[in-house]
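For reference, the chain that follows is the form predicted on its own, supplied as structure tokens.
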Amino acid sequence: MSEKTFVLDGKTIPYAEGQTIMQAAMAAGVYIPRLCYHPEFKPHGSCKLCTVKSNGRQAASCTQLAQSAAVVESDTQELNDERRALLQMLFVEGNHFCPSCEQSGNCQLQATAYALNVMSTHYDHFFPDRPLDASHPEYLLDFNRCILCSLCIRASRDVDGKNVFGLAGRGIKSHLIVNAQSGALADTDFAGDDKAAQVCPVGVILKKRRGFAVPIGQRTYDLKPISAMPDAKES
């Protein structure tokens, strides 16, 4: 039986039946920008950053199944311009101050912006009022950095079986919440060994009393750009 392949940006990519474009690209060492995708969870294509053109039609590469002989475009001026606009909107819709952020150098939003040469936010900042939740004895929630990827929600629901997190509001008013009557993390059964404590791609869920344990300049994306780690497993 001949190997199934498709073409991605001029490169022949092998794939197995049932694999998505994203999965096949990662296995082949080809980077497609993404924020809400995690290999352990069912993809839902919410961030739209991984959008590609497959045979001329736009699709989320994390949900679109690979097809034999398909011609897929990802690294194009048009698609990268759209990605840059999405990233810029994420930066201004939250409060992201990278130079002072504990997650700087380990942040996928920051690293993806660098990979796509985003040097300014372009749009006016919203500066939303998002109080911190320091109620839990071991963990801090800084909602200012939330990009609504829902990874913590899926991890808590599908892996931990706890449903600690959820989304409330609609449209621009959508925001992350804690599923407790008080709204405080301390009033849930959240624990440090939960999968939900490990999957945030930015700096919302932070362990207390260990800030800047790894110096700036020696962190994950300081040492190697995110585009050089296409098959990295998001932690």
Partner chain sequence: MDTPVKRKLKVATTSLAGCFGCHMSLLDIDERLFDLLELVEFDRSPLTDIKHIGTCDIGFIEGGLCNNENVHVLREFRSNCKVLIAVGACAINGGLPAQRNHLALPIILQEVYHTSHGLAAGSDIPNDPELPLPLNKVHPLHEVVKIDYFIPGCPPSGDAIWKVLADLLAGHEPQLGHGLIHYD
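Numbering follows the first chain given and starts at 1. Since the model is a prediction, treat every value here as computed from it, not as a measurement.
Note that the form predicted together with its partner chain isn't included here; everything after this is about it.
For the options 121, 135, 150, 80, the residue carrying a heavy atom within 4.5 angstroms of its partner chain in the predicted bound form is 121. Its partner chain in the predicted bound form is approached by residue 223, whose closest heavy atom lies within 4.5 angstroms of it.
Residue contact check for residue 165: none of its heavy atoms lie within 4.5 Å of its partner chain in the predicted bound form. Taking the partner from elsewhere, residue 72 is found to have every heavy atom lying beyond 4.5 Å of its partner chain in the predicted bound form. Although the partner is absent here, residue 110 lies within 4.5 Å of its partner chain in the predicted bound form, judged by heavy atoms.
Using a 4.5 Å cut-off on any heavy atom, the residues of 84-102 that reach its partner chain in the predicted bound form are, in sequence order, 91, 96, 97, 98, 99.
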